[in-house]
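So here's one chain in two forms, each on its own in structure tokens, numbered structure 1 and structure 2.
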Structure 1
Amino acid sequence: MSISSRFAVGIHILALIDLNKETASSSEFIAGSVNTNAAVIRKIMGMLKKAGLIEVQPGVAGAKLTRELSEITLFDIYKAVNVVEENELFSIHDKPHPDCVVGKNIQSTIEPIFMAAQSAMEKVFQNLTLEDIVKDIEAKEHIK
């Protein structure tokens, strides 16, 4: 099991749009940097657009961020690319036997725990923005 790389690719796309903002980043260009097919990029960019993170126009190359880097959290991207449904990171077997002490109660016992675990994970992304990503990339460049 592994969470789709759409999330990582989404971050990559947005960071690239920003760092390359003097020239328009076509889906073909981004695909080259990510190392995948342009259609894959366009599909993910469609999700980012739908979430209101970027502006793209059909037929015209390049996309623009709709907000400041510091106003886009990793959680925004995470939600945009739809890698994990709300409260469904962990799946629970359904219809456990209702006549059994454990079967009767296990779901309501486990559910809040799974939700807490998912929330703890998502909180990490809520506390980080694209600005952190871009600054980290820039810092690495300056060292070299």
Structure 2
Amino acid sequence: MSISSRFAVGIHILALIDLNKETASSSEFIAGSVNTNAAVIRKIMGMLKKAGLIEVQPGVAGAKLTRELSEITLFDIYKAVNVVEENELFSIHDKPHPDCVVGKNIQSTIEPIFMAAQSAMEKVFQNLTLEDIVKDIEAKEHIK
């Protein structure tokens, strides 16, 4: 199991919209870059729009960012695409055996560890912006 790919795809979409601002980035164009179906892109773009990260016009190809790259954190994107519910990145099995020494204690033992790990990861996302992503891509491609 892994975290939903919606997060990576959301970052991909936003970076592509910025780097391709001279041309309208249709869902078909973005889908080609992501190598997925345009319907998947439209669904994620709907989530990004609902979160106020992009503007789209129904029936008109293309989207634009609503904020500067430096004002969109990876945490904003993470939350926008509903990767996980709050404090639920890690699942704990529901009904361990209550008569087992491990079974009756495992949830209360590991839950705080899992919550701390999720919190640490989210803090990293709060300190990185879409600008960081785009600048790295530009450096790798010798753009600008």
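Rigid core: the largest C-alpha set superposing within 1.5 Å between the two forms. Remember, it's a predicted structure, so these values are computed and weren't measured experimentally. Just so we're on the same page, residue numbers count up from 1 along structure 1's sequence.
S.K.: Of structures 1 and 2, which one represents the form predicted alone?
M.R.: Only structure 2 fits here, because that chain is the form predicted alone.
S.K.: Taking the rigid core as the superposition reference, indicate whether the CA of Gln107 shifts 2 angstroms or more between the two structures.
M.R.: True for Gln107: a C-alpha shift of 2 Å or more.
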